[in-house]
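Two forms, one protein chain; structure tokens for each follow separately as structure 1 and structure 2.
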Structure 1
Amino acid sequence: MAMKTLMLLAAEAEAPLTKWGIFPNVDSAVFGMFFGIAMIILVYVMIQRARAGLPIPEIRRIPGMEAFEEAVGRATEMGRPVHITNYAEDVGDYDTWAFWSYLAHVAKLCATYDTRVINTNTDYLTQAVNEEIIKQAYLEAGRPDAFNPDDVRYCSPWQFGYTMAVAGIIAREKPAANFLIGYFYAESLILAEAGALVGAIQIAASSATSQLPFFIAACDYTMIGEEFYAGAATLSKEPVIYGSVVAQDIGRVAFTIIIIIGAIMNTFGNDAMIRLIMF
């Protein structure tokens, strides 16, 4: 009787608020924390190895990255501007941080070749940072007077308001190169088709898996998924940054091994791996 009462009490008891007393009681809270720490250590170790000149695995070349200079060069030859946008992500988003590497690179190329670069925005804070990055690129290229603040444009915070504005800008300004880099939603294909209609060479890089088929169909080069982040890292031309990309690849191999072992264990009725990841 006493045992039955205890079992009933245990069944009625509320789930614990925390895991190990400090982690919130949500899926993967503990695993996520340890995985994060492991990744930070891995990134640090790989960067230190790169700094010390020790061998680190090679990074394959991404075709889209090599097309940047070709696209800006084509715009220069045709005397037409270059358009670059990252659509909606705000300043606190890692897609925006990766986009800034591309923006700085494209702006520097445009400043060097004396080509106009048009940047369209839907987030006002991102636009302020973008303007500063482009201005700095022109300064570094020794052409501060060529920078035109009117080419860093805030369009609309509304998805299709922004899309209409950008499609209009592309139709009027006829950029020879169109860079769609960042996280996109339903407007992705409209922007890419607007670029295709004016004959722009188009390079897309996105982590939005649902929009990748549209970019692949409509753009000349598409960097998919992690290539978007890896490309941003390799643009810095600083070998130590490669370390973080190598760490990213090692993490992916680790994940693949976990998936294979977990699948085998689960096939034989053992769910220990799933419980470990979900803890």
Structure 2
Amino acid sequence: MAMKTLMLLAAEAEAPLTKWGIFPNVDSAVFGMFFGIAMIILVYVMIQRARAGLPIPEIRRIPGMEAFEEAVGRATEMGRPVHITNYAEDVGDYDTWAFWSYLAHVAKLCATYDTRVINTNTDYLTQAVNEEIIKQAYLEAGRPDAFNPDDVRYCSPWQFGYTMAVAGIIAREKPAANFLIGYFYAESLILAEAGALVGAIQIAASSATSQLPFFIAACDYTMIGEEFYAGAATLSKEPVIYGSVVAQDIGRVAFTIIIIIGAIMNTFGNDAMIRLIMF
């Protein structure tokens, strides 16, 4: 009996501490939950306002995006094609969905200016989607007959098979504008150098932070990290995408303000904000 009592007492003593009786006793458990709920509500509100056509904060203009028309215009003047590619483009990947916004925009510019656009890709399902996007862009521009399906080219799914295929296409076709949009790996610098060798104006946009230094060094314009997604939202104007990006930006601003206020309060010896965040 005594042993049983001791075991019960030991179990009670080792019972994990909780916050408010339901939250695990870890840093920011309560604050994180309420901040997450606030973000969910904010995203929902921004999406609904965007769908209803009500005013929401604008996404700032990104210099790389403003160069798209300049790049296509230069290709038009020189009578040379435009090339756009994305290596990691699985049809279900979020980077691929962002890439499609850029592809539609570039294809529409090319169709409007009657400029040839070449798209290279590595996935057979994405190939079909890319072809339809470009075809639709030419249709909307009133030039359906100018669309050439042979310019939507499937390359090897193997990384350096794709890289060599694209580098060869760039060398042969000599595009005046080279768009490297999406997620890339070690092939990034090879493709950028191939474009530089033919004198193309190059615009890169990628969320692959490890490859951004190569794009910055070799390309004329580079959209860094989340600018890639913000640019896709701006181009597509799709309410779900646009509203989500706006809500995330508002959340970042709010959290930054909380940090600044906490830092000022802590400087004067008041750690209430820190305890709130860590609760």
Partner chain sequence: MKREVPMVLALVFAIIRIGFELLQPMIAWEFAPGKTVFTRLSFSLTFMSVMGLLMGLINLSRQHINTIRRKREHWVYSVWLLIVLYGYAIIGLIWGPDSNTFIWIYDALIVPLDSTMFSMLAFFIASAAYRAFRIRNVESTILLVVAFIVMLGNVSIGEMIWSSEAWLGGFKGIKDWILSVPNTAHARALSIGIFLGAYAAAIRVFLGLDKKYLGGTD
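Along the sequence of structure 1, residues get numbers from 1 upward. Under this definition, the rigid core comprises the largest set of C-alpha atoms superposing within 1.5 Å between the forms. Source: prediction; values computed, not measured.
The form predicted in complex with the partner chain corresponds to structure 1; structure 2 is the other form. With the core superposed, Gly225 shows a C-alpha displacement below 2 Å between structure 1 and structure 2. Superposed on the core, the two forms differ at Ile41, whose C-alpha moves 2.6 Å between structure 1 and structure 2.
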